[in-house]
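Quick setup: one chain, the form predicted alone, written in structure tokens, and binding and motion questions come after.
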């Protein structure tokens, strides 16, 4: 029995030998990165709900590459590029994640399901109590979403591609999924994976950004949670219904996102136990399959796309600029309030609910462990979801006109 016959028993190893050396090295690195994400999720350095499934599938999909028909390399997980009806039917019968991808990712359903679950756990008290402050900070925290668009165009991306990358600055995963599917489906995989990995990185990067911009004495400004006026459940319920209708009227292309989020809020405030239990399970299940599918999509063939490196850089730039915008707005709010507003709540306006609000609280406690600013930070955090959805609607409506 010769070496070739032996390798036929181990097609994964055989595929390594048949690959170009550079691709083989990248493939090994992707396996190691995936395993690292699993470890960081396990240790809760990154969000375990997403990093565990994403990292694991990223590792195994790159380990499980084999020689397919006609000598091409592929996997038995998912093929995001297949579209021809005959080939798609074959893929749906062979790739185990193909049905989930085509019937929940390709049409934006997964983004809406996650958003509905997020709405069901979002409390509008702090946003409704101080809407002007919350929205002012949130619009400032869209700095990365706004500036990355012309920057990406200058680097050679089309307006549709640039808008899909720029929306990463809003730090809201469902919005990134929805926008990239609507405007740049061919770049959906790298943009979506990059966005969700970077949202986890916010835990690590933003505290350093905060210490660079906000002096310790300002990070230690106390904000009494009791100062927030009481908001009734009826107010929140009415707001969810009215806001959902009005925003859908003005930005109908983003109506599925508005409908999903505000319906989740309405279910929470109407306190329908069965619906709330279902949405809780729905959010957990959607997040699990979101991570699994995104990880399975991140194979070496995707990473070797020459545009991916630029997308990675631009995504980080978008998030950093948004963080800077939120912190500068926080400093301005602190100044105009006579030092009564802790500028850290500005970082919470980068809308990754509730990650950035927790980052603000953590950094405040590093300055003074007795401080509790989390309730105040949740107002801008929720406002950030709304402003990012508005920009999503604007981009999807206007960008195709260019």
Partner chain sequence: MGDVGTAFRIIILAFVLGLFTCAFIGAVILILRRVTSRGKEGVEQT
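As the structure is a prediction and not an experimental result, all values here were calculated from the model. Residue numbers count along the first chain shown, from 1.
We do not show the form predicted in complex with the partner chain, though everything after this point is about it.
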Want to guess which of 215-223, 275-283, 125-133, 93-101 is within 4.5 Å of the partner chain in the predicted complex, heavy atoms only? 125-133
In the predicted complex, the residue from 116, 189, 149, 327 that sits within 4.5 Å of the partner chain by heavy atoms: 149
The listed residue (255, 153, 121, 313) that reaches within 4.5 Å of the partner chain in the predicted complex by any heavy atom is 153
At 4.5 Å between heavy atoms, is residue 387 in contact with the partner chain in the predicted complex? yes
Does any heavy atom of residue 382 come within 4.5 Å of a heavy atom of the partner chain in the predicted complex? no
Considering non-hydrogen atoms and a 4.5 Å limit, does the partner chain approach residue 394 in the predicted complex? yes
Exercise: residue 158 in contact with the partner chain in the predicted complex, heavy atom 4.5 Å: yes
Is it true that 238, 242 and 402, all three, sit within 4.5 Å of the partner chain in the predicted complex, judged by heavy atoms? yes
